[in-house]
Structure formats: structure tokens, C-alpha cells
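Listed next as C-alpha cells is one chain, alone, in the form predicted on its own.
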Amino acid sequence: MIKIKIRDASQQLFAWVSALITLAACFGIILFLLVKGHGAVTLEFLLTDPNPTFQAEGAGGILAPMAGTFIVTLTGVVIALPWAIATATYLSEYAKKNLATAYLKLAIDVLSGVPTIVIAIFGVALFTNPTLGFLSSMIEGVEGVNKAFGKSFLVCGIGMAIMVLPYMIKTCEEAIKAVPNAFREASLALGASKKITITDVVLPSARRGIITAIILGMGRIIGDTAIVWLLLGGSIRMTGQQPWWHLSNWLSTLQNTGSTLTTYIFLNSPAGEGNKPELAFAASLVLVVIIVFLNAAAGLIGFMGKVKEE
């Protein structure tokens, strides 16, 4: 009896210590960024475009990288969400326990483990094909070369969609499976078809989990660098028709290169091409705040759902 109590106490102690180490690491990173970067985070820093210069005083702000982060994130989620919901619905409502389903689940698991740099290199090989030149632009002025540029917000968004797809599929699948069977049985008993039951009963009941999948996918996209660097390019400003925010120039913006907060951080850090660490720390702080906000929103959605169920 004493040995059991000692074992239980040691396991609880190990769990508490592990949790405290995780919290310490998280808050340590946030505190470090806060100390190093809070001085550079001003209204001007948030609302002006960056300037390619070696002088920190004239480097501008992060408006274009923040807009680029939003564009890439929105594009990736919009492309991945219908795909994820359709796959999750098939696995939850239609798929049978057979070899094909097993291979499909294996493919999803393998895709979730593929490094982002591999997805980026695959994207470079695929989107430089001239038949896909409408997603970016064609290389001009080089004799004998018939290839697409293969770098744009659209191309990057597709790469991001591939990256977050397995995570969104699994989250949506669990949300759909969590819908009580009584809901399905009641709908079918009232004469509704299976299709109507899924679209009008099951999916609306799983909306909390689907929203959580969207938020988690957004957080994953916002923090990536490899796909952005290879499929969006290293330009620090928007390169489409200017001004890029005009409605008439949106398509040009999507088909051209730009930057996100992650590439801005790299370009301004000593590890990149710049030497303005204070700006890199400030942009890192903004990026972490955005990710913390998204995760808090996911937790709040889950908490509100539990409260309504109770």
C-alpha cells in the first residue's frame, strides 16, 4: 500500500514538474521577446511598410508583412477547409473498415509528418510548370526558358493548404464523430436522406470542432517559414501592381510575391540578410501575440461549447 502511494505521488510530481517546465519555457520566450522588442512596437511600426535599408531608423514598419501573413493564412485555410471537411465526412460517415480506408488514413498520417521544406520543394517543382503560370507569372527575357516563376501568394497558399490539411482533417473528423448518433437517427426517422442529415444536422452540430480546426490551421500557417521563403519569395514588400490594397489590384497582388512576418523576422535578424535585431524581436513579439490570441480563441470556443452542453 505504501509503495502504491509513493508511486502515485511520484507520478503526480513528475506530471506537475513537466507542466511547470512547459509553462516556464512558454512564458520565458514571451518575456524575452517582450523585453527585447517592446520598445520598437509603435503605431508607426504597425502601420507603415518596410523599407529595404541597413539603417534601423529608416527601415519602416510591418504593415505589408502583416497583410501578407493575413493573405497567405486566409488563402491556405479557404483552400484546405472544404477539402478537410469532405475527407473528414467521408471517413466518419461513409468509409468502411477496409484496405482502402486504411491506406487513406495512413496517407493522412504520413502527410502530417512531411517536413515543410519538402512540401516547399515539391511546390517549386510543380508550380514552375508553364501550364500553371496563371498562378504566378511566366519568366520572361530569358531565351530558351519556358517556365513559370512559381512564387506568389496563390502558390504559397496552396502549399500552406497541403501542410495544414492532415491536422484539419483529423480535428474535423473527431468533431463529426463526437456528434451523438441520436441526432442522425432522429433525422433519418423523420424521412431525411443521409445527405440532408449530414449537411443539415451533423455538420452544424460539429461546427465548434470545425472552427477549432480553422483556428489551429491558421496558427500553423502563420508560424511557417520554409514554404513562405520558397513559394512566396524573399521580397520584403508587395511586388504586384501598386497600391496593392486597391480592389482592382488584388488579383495582381495574389499572383506576385511579398512577405510575411516570418520572412520579415528572418530578413532583419543577424541570421538573415539584415542586422536589425530590435526590429526582428518586435515583429516576433507581434507574431507571438497573434498566435496566442488564436489559441486563446480556440480554447474559448471549446469552453463556451461545454458550458452550453451543460
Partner chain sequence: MAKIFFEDVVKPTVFSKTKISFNLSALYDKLWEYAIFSLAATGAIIIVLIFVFIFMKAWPVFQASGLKVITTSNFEEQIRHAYFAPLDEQLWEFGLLSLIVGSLTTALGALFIAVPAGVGTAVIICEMSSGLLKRFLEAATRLLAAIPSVIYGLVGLMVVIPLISDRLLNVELQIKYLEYFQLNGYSMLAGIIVLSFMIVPLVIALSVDAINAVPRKYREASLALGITKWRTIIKVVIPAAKSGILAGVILAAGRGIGEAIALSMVSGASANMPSLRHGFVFFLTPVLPLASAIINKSQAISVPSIEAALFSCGVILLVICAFLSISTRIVESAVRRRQGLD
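Small disclaimer: the values here were computed from a predicted structure and weren't measured. Positions refer to the first chain, counted from 1.
Although it is not shown, the form predicted together with the partner chain is what the next lines describe.
A single residue from the set 33, 40, 67, 254 has any heavy atom within 4.5 angstroms of the partner chain in the predicted bound form; that residue is 33. In the predicted bound form, residue 75 stays away from the partner chain, with no heavy atom inside 4.5 Å. Proximity of residue 292 to the partner chain in the predicted bound form: non-hydrogen atoms within 4.5 Å are present. The partner chain in the predicted bound form is approached by residue 281, whose closest heavy atom lies within 4.5 angstroms of it.
Contact check for residue 126: a non-hydrogen atom falls within 4.5 Å of the partner chain in the predicted bound form. Contacts to the partner chain in the predicted bound form (heavy atom within 4.5 Å) from stretch 10-31: 11, 12, 14, 15, 16, 18, 19, 21, 22, 23, 25, 26, 27, 29, 30.
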